[in-house]
Structures are given as structure tokens and as C-alpha cells.
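A lone chain, given as C-alpha cells: the form predicted alone.
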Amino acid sequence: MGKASLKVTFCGIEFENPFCLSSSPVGNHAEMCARAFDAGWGGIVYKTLNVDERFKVIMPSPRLNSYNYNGNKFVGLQNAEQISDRTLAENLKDIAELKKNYSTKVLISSIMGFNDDDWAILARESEKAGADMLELNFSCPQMARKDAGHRIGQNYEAVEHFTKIVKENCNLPIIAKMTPNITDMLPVALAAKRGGADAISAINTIRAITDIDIDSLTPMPMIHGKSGITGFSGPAAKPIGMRFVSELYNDKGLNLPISAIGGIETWRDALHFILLGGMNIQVTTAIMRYGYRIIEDMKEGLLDYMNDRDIETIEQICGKAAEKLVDPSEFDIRYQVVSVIDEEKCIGCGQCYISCQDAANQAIIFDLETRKATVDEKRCVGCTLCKHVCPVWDCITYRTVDTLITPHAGRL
């Protein structure tokens, strides 16, 4: 038996595992959240609350569109979802019920106000209901108001101010949720820190267009003849999420724990975000497709990985990959590689030849009689395009050449 443990401490609160539902339709009321806790999730970020006397949420319909590509279905999901359309009283009652029935589980209340009083009320009432933490939603990309969501999340002064208001009105740890719909997330995160944030969560969904109905000439999802640029999530968003999480982790001026979000479907996805600095993991889109049951694979896979490598805690590996990121100007360009094709694995499709001829350095030789590809090492520059277009796993690898390349001025 291995010694690995999935327990993590985040903002002083212990989670039995780092996996949480992110604030979204997957955690919309007590009955749903209870099933998620029973399935094994360590925590829940409850769907965002607001002071409903100020703004009555009415959801657009239909509001979802899956992004399908090259025969693969649901590689991403566009949504026009808004914050909770239930009353504040109903949501607070559910939070209290959940904490009564699941006292060892972590429940985070996501809140969104429109002025100082809203943020203060939501903070106080969430704490009174028993929430363990607060997540401040500065990032929803389709809120039907101009004084909320990602519009506020792009305003450094507003983020700092509202974070400070919340901090003054409760004693709970505060997570500020960042929008990716901005060039540089760090200034906003630093503003949240100045306001008193104890942690950062990233990313929320990315403003996007996923498809167009070419008969009606209308983008999707089509809402009574119109559409909009709204939030995109799922596996296709993961590379962008990893970029932002790693930048937050590596900034020494920020130095706050990170709750990582962005296209996480498997334990490997979760591990990637942990290695880039996430001490806590949030999931939505994968649950929307596969259900709460994915937590079983996530926990088992991550535990097996840790036990196989004698890793006892998640803290031991958190950020280890982020630490190896450097600016491209610092890449070691003294050593070069050349591609190597395994003749036995080669199926003679010729894709490597076509791609190298038309988009690389014309270094692949293709024998029409044997239908085998080989590499002209004198022409190969080690871009590895051939490796990535090859349909056979590990048919094309690469090796380092012996010759050292001497860097010179002007080399890119």
C-alpha cells in the first residue's frame, strides 16, 4: 500500500481531496451538491449568489452550444449561463442545510454584488449560513449588466475596492476569481491581493464564438434569431487555463495559493494544473458531460501516480512544472534535434512527407515503392512537425545531434 494522501490545506481549510465543483449549474442547489459530496468530491463552489431584489436573473434559452471538431464531439462548450436564478433566501437555506449534513466537506459560497452594500450583504449572509470560504465572481463573461462579471474583473480599482469591502464584512478566507478575457491577469490578481484576497481562482470561461448556422447565417447558440460572444470552456480551453495559472504561480509579487480551473476532465488534466501551481482543482464542463462520477477516476488516477513515484503529498509536486518555464529568450539553442522514424511502425501514409514538404524543411524522403519514410538529417532542423502529424503513436521520435550550435547575434 502506498502512503500518498490527497488531503490538501487551502487558505487554512483542509480538503479531503483537492477536487471541487466550480461555481456553475453543476452546483445549483442542495440536492445536487449532496449527490456530489456523496460521490466523493472534496468541495463545492456553490453557484454564484446575488442580492435578488437588485437584479432578477432570467436565463436565455437555448443557452448552450457544443464545439465539435474533426469528428470529435464536445471538445468545448459555449454557454450563455448567468448566475443563480434562485432567490438569495433559497440559496442561503441550501448552504446551511449542506453544511449541517456534510460538516467535513468544504463549501465555498460564490458571490457577485453590484455595489458596496450588495457585496457586504452577501459576505455576511454567506458566513452566517455556514460557508467555509467565499469566492468573488469578478469574471462571468455574459452577465446582463455592465457593472458586474468580467467587466468589473478588468477594472483593477474596482476589484481591489470590492475585495476590501468583502474582507471588512466577514471573517472567511476570500478567493478572487479571475477573468481570462484580459491580456495580463497579474495586475488584476495583485489588485485583489491589495484588497485582502487570500487566494486566486483562474480561469473563468473565455469569450468565444463556437459555430455558425450557415443556413440562417447566425452564430450559435441561436437565441431567437440572435447570438452573442459568450463563455467557452472544456478541453479546448485547457492550454489557456494552464498559461494563466502558471503565470500567477510564478509571480513572486503575488504569492497567493491558486485554485485552478480550465478544461479538466481526467486525473492527468488535474495533475497538469497541480504541477503548474494549483493547490485546489475546480471542474464544471466535464461534469456536465459525464456526471459527478468522474471523481472516482480523478482520485484513483492521481493516487496511483503519486504512489508509483513515492510522492506523499500534493504539496511536494505543486508548481514543479511551472518552475521550469522561462522566457523564450532564455531557451538553450546550442543543441538541436533531428527526427527518427521507426520503419517497423511506419504505415506508409505519407502524412509526414506532405507536411514536411509543404510546411517545414523538406527533410522527409518518401519511397513510393516501399511506402516508407526516412529522414534526411542534413536538412532536418528538428521542428518535429512530422512527429505531431503522424497518426501512429511513437512512430516518429527524435534524438539530439552531437554538433553544438553556437548562438550568434540576431539568431531567433
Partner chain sequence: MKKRVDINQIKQFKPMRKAMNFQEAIIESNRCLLCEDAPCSQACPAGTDPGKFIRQIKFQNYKGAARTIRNNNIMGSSCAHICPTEKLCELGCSAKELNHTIDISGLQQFAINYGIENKLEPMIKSKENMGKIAVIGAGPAGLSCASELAKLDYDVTIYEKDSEAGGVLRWNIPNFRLPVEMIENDLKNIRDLGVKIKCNEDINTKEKANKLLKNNDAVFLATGLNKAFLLSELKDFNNSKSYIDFLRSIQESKKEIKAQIENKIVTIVGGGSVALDCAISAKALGAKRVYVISLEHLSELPAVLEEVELGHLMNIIFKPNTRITSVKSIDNNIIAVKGNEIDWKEENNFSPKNAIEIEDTEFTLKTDLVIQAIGTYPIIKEVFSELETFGKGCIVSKNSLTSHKKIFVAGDLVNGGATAVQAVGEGKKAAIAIDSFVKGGK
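Numbering follows the first chain given and starts at 1. Computed from a predicted structure; not experimentally measured.
Keep in mind that the form predicted in complex with the partner chain is missing from the display, and what follows is about it.
- Although the partner is absent here, G71 sits close enough that one of its heavy atoms falls within 4.5 Å of the partner chain in the predicted complex.
- Contact between P62 and the partner chain in the predicted complex is not found at the 4.5 Å heavy atom cutoff.
- Contact annotation: V392 falls within 4.5 Å of the partner chain in the predicted complex, judged by heavy atom distances.
- Among heavy atoms of R371, some come within 4.5 Å of the partner chain in the predicted complex.
- Of the candidate stretches 45 to 53, 347 to 355, 27 to 35, 376 to 384, only 347 to 355 has residues with heavy atoms within 4.5 Å of the partner chain in the predicted complex.
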